[in-house]
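Quick heads-up: it's one chain on its own, the form predicted alone, in structure tokens.
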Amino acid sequence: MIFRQLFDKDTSTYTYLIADEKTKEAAIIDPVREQVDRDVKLLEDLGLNLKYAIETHIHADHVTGGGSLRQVLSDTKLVVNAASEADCADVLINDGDVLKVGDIEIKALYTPGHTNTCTSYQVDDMLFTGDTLLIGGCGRTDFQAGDAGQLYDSIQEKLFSQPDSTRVYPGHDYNGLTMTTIGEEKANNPRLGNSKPKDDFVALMDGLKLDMPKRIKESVPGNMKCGLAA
């Protein structure tokens, strides 16, 4: 498997490239509009055919590059969770659905709570968690149909049920970290680790007083159009 972790400095967003070495079919998770040229060049350099541009959720902090990638690479299909009802997408994905690039299976795990569209993706022993589970944290729950209790259940039931050795690749990191594991987060995550009770987690999340993301007015409507109308 070909794997690359890419970074957008302005929004601290991670983009992930996954590809089958034999067939050269590829998928990209959470592309950023300002980084489309970088991503296209990488695909060309590696001789890859982009089959899917996948969103972990409707983002509030950056505009997706998915629509632009589809314009440049016409074989690309855009993948968004079905709860988004995004009519620009080619695939509205549901819990348990599997996408294939060559022999690689990418399984969708519906993990709502940060937003109602959040989907994590599992590839072998790797989890791409978007904003659902971060390194030492989790996504906020105060907009886009967020729900702290639902987020707790998503993480405990869908993510923390995975083997401790499972590698976690988040949608963002603001401290220079690149990945974690399920075991590390179960033990050390200050919001969710060490078997924190659900009521304590909900109270913590409901008590956060956070500013709205700077680009939310651009990003949310733009991402409902796959980045082509922002």
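Note that the coordinates shown come from a computational prediction; the quantities given were computed from them, not determined experimentally. We number the residues from 1 along the sequence you see.
One more form of this protein should be noted, the form predicted together with another copy of the chain, which is absent from this view; the next part is about it.
Q: Though only this chain appears here, would N49 touch another copy of the chain in the model of the complex if you measure heavy atom gaps against 4.5 Å?
A: Answer no; every heavy atom of N49 is more than 4.5 Å from another copy of the chain in the model of the complex.
Q: For D45, is any heavy atom within 4.5 Å of another copy of the chain in the model of the complex, or not?
A: Taking the distances in the model of the complex, the answer for D45 is yes, it comes within 4.5 Å of another copy of the chain.
Q: Is L228 close enough to another copy of the chain in the model of the complex to count, meaning some heavy atom within 4.5 Å?
A: L228: no contact with another copy of the chain in the model of the complex.
Q: How about K217: is it within 4.5 Å of another copy of the chain in the model of the complex, going by heavy atoms?
A: Taking the distances in the model of the complex, the answer for K217 is no, it never comes within 4.5 Å of another copy of the chain.
Q: Using a 4.5 Å heavy atom cut-off, which stretch among 57 to 65, 22 to 30, 180 to 188, 196 to 204 contacts another copy of the chain in the model of the complex?
A: Every other range fails; the passing one is 180 to 188.
Q: So, a 4.5 angstroms cut-off on heavy atom distances: do all three of F7, Q35 and N175 pass it with respect to another copy of the chain in the model of the complex?
A: Every residue of the candidate spot has a heavy atom within 4.5 Å of another copy of the chain in the model of the complex.
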